[in-house]
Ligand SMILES: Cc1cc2nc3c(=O)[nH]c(=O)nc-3n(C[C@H](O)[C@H](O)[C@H](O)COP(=O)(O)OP(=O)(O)OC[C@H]3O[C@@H](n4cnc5c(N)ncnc54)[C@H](O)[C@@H]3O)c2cc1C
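Shown below, as structure tokens, is a lone chain in the form predicted alone; questions about how it binds or moves come after it.
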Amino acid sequence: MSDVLVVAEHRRGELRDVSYELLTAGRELADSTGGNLHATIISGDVDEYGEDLNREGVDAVHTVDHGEEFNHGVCTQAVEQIANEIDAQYVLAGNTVNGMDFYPAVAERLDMPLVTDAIAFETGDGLSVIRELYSGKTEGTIDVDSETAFVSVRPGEWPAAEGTGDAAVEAFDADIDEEALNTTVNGYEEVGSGDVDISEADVLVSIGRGIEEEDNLPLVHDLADALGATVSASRPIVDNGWLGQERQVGQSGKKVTPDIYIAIGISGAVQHVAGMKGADTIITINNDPSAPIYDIADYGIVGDLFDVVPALTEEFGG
């Protein structure tokens, strides 16, 4: 029996979506090895977070009450100690800003090989991790030549764990060496994020090259207003300076998982698809029926966006 440890994360008082996705990925991996799934949450309102993490498939939740926000040293020490305590074979964390901060150090401390940005697993004689290569143009498999591994998971690739579990939620008494922390977290300040966070939007109306020129953007904003949606964009729109970087979806922008993603005038290059393929429902409007975006769309309208978008705005705004 081989146990799996998932390291959940939070920001500004809320568990992040990737935490619930990690539970699904962790359960998948634990089932394949016949082991238990453990989750840990460190700092912040750990009592509330711990209960939120108690979902179907979770066998145990370990909370570490130390500070309010993420701290590299606290997280590194705590995860190392919990992994050793439960003798974890595999440790999973999000391939996020916070994850990238601490997981190399933890993998080193645990003497585990580190594989990053996983989009799928395969198990048999050992663990194999599927990753995208060349900006999403192809996939590759990394066979882990070790009985243990630390794997970071790409957000949006697994569904969020649901339901209510019956796991024990217990405080873990981590022995934090304060002198070794070197940093102190005084608070959290959002810097340079612009006026929106598209990763939190339920409905996104996203625009691409098909809009042709900046003067045509009000068409898209009008539709977004009618739908109560947020406007996002593919990279060319941001590169042209028509919308801010905070609205870019894709490999070099943000990865989003809205309930509805409406792609307008977007061809569907792999770099863009990598950022939005986790949406529940994808709708595309494009006058080219052979555009790659139609390969992943749930619904599509083959037509001129300058005719289709105003018609939809009138329908939903009327």
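Position 1 is the first residue in the sequence shown; the rest follow in order. By rigid core we mean the largest C-alpha set that fits within 1.5 Å across both forms. Treat the numbers as computed from the prediction; the structure is a model and nothing was measured.
The discussion below concerns the form predicted together with this ligand, not included here.
Picking from 41 to 49, 25 to 33, 56 to 64, 251 to 259 the stretch near this ligand in the predicted complex, with a 4.5 Å limit on heavy atoms, gives 251 to 259. Residue 305 belongs to the set of residues with a heavy atom inside 4.5 Å of this ligand in the predicted complex. Contact check for residue 154: no non-hydrogen atom falls within 4.5 Å of this ligand in the predicted complex.
Put simply, residue 209 is close to this ligand in the predicted complex: some heavy atom of it is within 4.5 Å. Heavy atoms of residue 104 never reach within 4.5 Å of this ligand in the predicted complex, leaving it off the interface. No residues of 16 to 51 lie near this ligand in the predicted complex, the criterion being any heavy atom within 4.5 Å. For residue 237, a C-alpha deviation of 2 angstroms or more is recorded between this form and the one not shown after rigid-core alignment. With the core held fixed, residue 98 shows a CA shift below 2 Å between this form and the one not shown. In the core-superposed comparison between this form and the one not shown, residue 152 has its Cα shifted by less than 2 Å. Look at residue 155 and residue 261: in the predicted complex their Cα atoms move 3 Å or more farther apart than in this form. In the predicted complex, the CA atoms of residue 152 and residue 293 sit closer together than in the displayed form, by at least 3 angstroms.
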